[in-house]
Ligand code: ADP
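Have a look below at one chain only, the form predicted alone, in structure tokens format.
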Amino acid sequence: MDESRSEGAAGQVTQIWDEVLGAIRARVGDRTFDTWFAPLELRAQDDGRLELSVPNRFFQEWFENNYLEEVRATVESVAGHRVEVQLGLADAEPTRVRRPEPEPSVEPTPAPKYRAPSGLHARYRFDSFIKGTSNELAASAAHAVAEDPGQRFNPLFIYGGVGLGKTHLLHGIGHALHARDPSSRIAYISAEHFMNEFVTAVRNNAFDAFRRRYRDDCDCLLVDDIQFIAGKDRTMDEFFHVFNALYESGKQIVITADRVPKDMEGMEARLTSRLNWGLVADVQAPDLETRMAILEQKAERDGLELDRNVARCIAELVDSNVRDLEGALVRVTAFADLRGVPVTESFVREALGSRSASPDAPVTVERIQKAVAGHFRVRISDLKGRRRHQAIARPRMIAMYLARELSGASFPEIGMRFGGRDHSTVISACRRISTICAGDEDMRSTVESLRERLAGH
């Protein structure tokens, strides 16, 4: 590419990024924008990729957990095609495309015979899982499954709320089984991914390969969030046959969900029965001592000096789940680093005052649906239904937008709470409301009013 074309492409990318920042500022407000988006810098780009720099790793972790998905969605909306957004530290070298090195004349090293299971998070291992009274049964059962797969607890069904450690245990089982027997064929997959793979296999006439992967070439099946296939008849039927094939072959099956099998509306009775065949174990919100241990472990892992009184202060303010707890530590550390002040108990209360736990009135998807339905004088069942009249469709999109903003729920989870919609529908609704708010003062005022009421300001 000649110099003029290269400069033109760079200018176009910069223009796209400026438009993205403008859209985000209009949606999140000046205060949030100045804290979390103004420090970002566009540092590298090529076809289909943007690389942004952040000031420090604590900022990076908080941003990845809370805003990165929104940035990706906004970039793709502005650019009109898929764009990968990556974060890097400001003092690190930008990622560059490297040309292939010439092949050495010596004999190449043979490729390893067995590969680690794909999809497993490197951090989610048994040795980083804090066991307490709230998760003792599930954790002990997970260890037992890893030591003796297919024998003691099969299937193992772990259920509990968001961010309580279900996925951590699932990944821990996968890592432990691979360490125990590298030749073991372990398949980790979310229920939504399983459904999408199945649909694609049917559409492309590739069902034989799909069947081999999950019925024949699998020694252990780890499935996250099985509740997402409830009501999907063909997917439930296929999973039923996968379950039977593995179970009859003595293969281990581990499944997580946000509720017990009998409470999954739309789940087939025959599948519900099989999910209850083994051990059903729950994980609950951690107690104070466990929350403090989680914070201290994360601080040690990230190289932080965390005073025990500060850890207790954070643990007392945030008692909902592990994900919120770790996010609170990142938030406090990032704010302190940006302001150049020490982390003290008073600073923690200042940083987390508006985010402290509220057991009596948490900002749940259900609470958001109730507030929006009341404001617009529609029924909650209408928000979950299929009617597309604007009097229903716009409140529904606002409710989805606020659910993503305030509840911390994922796009797929929000979709399921709104009548089993696909996650892409939720993403589209969030983009639509963000765009309308940028140019419609009445809409922006309505959304802000609902947000403040829900947040308790």
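Just so it is clear, the model here is predicted, and its values are computed rather than measured. When you see a residue number, it is the position in the sequence shown, counting from 1.
The form predicted together with the ligand exists for this protein as well; it is not shown, and the discussion that follows is about that form.
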Original post:
372 to 380, 308 to 316, 246 to 254, 322 to 330: which one contacts the ligand in the model of the complex at 4.5 Å, heavy atom to heavy atom?
Top reply: 322 to 330
**OP:** Indicate whether residue 123 is a 4.5 Å heavy atom neighbour of the ligand in the model of the complex.
**Re:** yes
Original post:
Do residue 194 and the ligand share at least one heavy atom pair within 4.5 Å in the model of the complex?
Top reply: no
Original post:
At the 4.5 Å heavy atom threshold, is residue 334 in contact with the ligand in the model of the complex?
Top reply: no
**OP:** Although the ligand is absent from this view, report whether residue 129 comes within 4.5 Å of it in the model of the complex, heavy atoms only.
**Re:** yes
Subject >> the ligand: the contacting residue among 166, 175, 232, 274 in the model of the complex [heavy atom, 4.5 Å] >> reply: 166
**OP:** Heavy atom within 4.5 Å of the ligand in the model of the complex: which of 226, 294, 221, 343 fits that? Just give me the one.
**Re:** 294
**OP:** Tell me whether residue 410 and residue 330 end up closer or farther apart in the model of the complex, going by their C-alpha atoms; the shift is 3 Å or more.
**Re:** closer
**OP:** Would you mind telling me if residue 413 and residue 130 are closer or farther apart in the model of the complex than in the shown form, C-alpha to C-alpha, with a 3 Å or larger change?
**Re:** closer
